[in-house]
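There is one chain below, alone, in structure tokens, taken in the form predicted on its own.
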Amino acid sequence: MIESLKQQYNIEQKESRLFKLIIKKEEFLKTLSFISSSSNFITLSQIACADWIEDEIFKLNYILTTKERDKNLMIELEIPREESKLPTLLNFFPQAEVMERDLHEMYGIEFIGNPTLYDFALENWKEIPPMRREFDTLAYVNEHFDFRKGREDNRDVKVEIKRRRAEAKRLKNANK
């Protein structure tokens, strides 16, 4: 099946079972529609997102798996961060619902046609989506949570990690 797709698209083999296709945002729906209807890539296994804030884009990777589970096709595309909208894939892959909800909540990507883009894990969230790189986790925690203020066990995370590693190394050397 991958051979027939290679005739239509510029597909690169990454590993024995992994293939990659890079497309433009404008080709997204047409390409996914074609692949879902004319190949044995029947399962949407994953949608991954990377925030390339310096380039003002999100890179999305859709991982499709064959019916036999013997091949994976990664479809990569870029979308602008400020106009982060794509059509939903619910009509082709029902499992897209949860993945699109997650990406909507965590990155602010709108999936046009998906009726379930409401609170998923973050109830009543009004901040910048937390997986966007401009989201300041430490500032958010300091502003919204006071449970660590004034505690004598409140330690600097980096210092504590170094301390624990040194202790583990000391114990390992002592047991030799």
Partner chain sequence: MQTNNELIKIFHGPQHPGITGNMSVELDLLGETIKGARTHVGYLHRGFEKLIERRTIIQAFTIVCRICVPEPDPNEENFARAVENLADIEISQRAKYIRVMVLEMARLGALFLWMGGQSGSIGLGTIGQWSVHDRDLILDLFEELTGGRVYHMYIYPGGVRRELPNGFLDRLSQLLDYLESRLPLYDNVFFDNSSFKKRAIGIGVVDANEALKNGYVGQVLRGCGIKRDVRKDNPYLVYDQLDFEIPTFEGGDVYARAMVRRGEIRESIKILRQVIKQMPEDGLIMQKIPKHRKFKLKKDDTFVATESARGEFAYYMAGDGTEKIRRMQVKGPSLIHGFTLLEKLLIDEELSNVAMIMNSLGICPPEMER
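Computed from a prediction, not measured in an experiment: that's the story for all the values here. Positions refer to the first chain, counted from 1.
Below, we refer to the form predicted in complex with its partner chain, which is not included among the displayed structures.
With a 4.5 Å cutoff on heavy atoms, F120 counts as touching its partner chain in the predicted complex. Remark: E78 does not count among the residues lining its partner chain in the predicted complex, judged by a heavy atom distance of 4.5 Å or less. Shown alone here, K25 lies farther than 4.5 Å from its partner chain in the predicted complex, counting heavy atoms only. In the predicted complex, Q95 approaches its partner chain with a heavy atom inside 4.5 Å.
Judged against its partner chain in the predicted complex with a 4.5 angstroms heavy atom cut-off, the residues T43, M74 and R133 are in contact without exception.
Shown here without its partner chain, the chain has N61, I63, K67, E68, R69, D70, N72, M74 in 58-75 lying with a heavy atom within 4.5 Å of that partner in the predicted complex.
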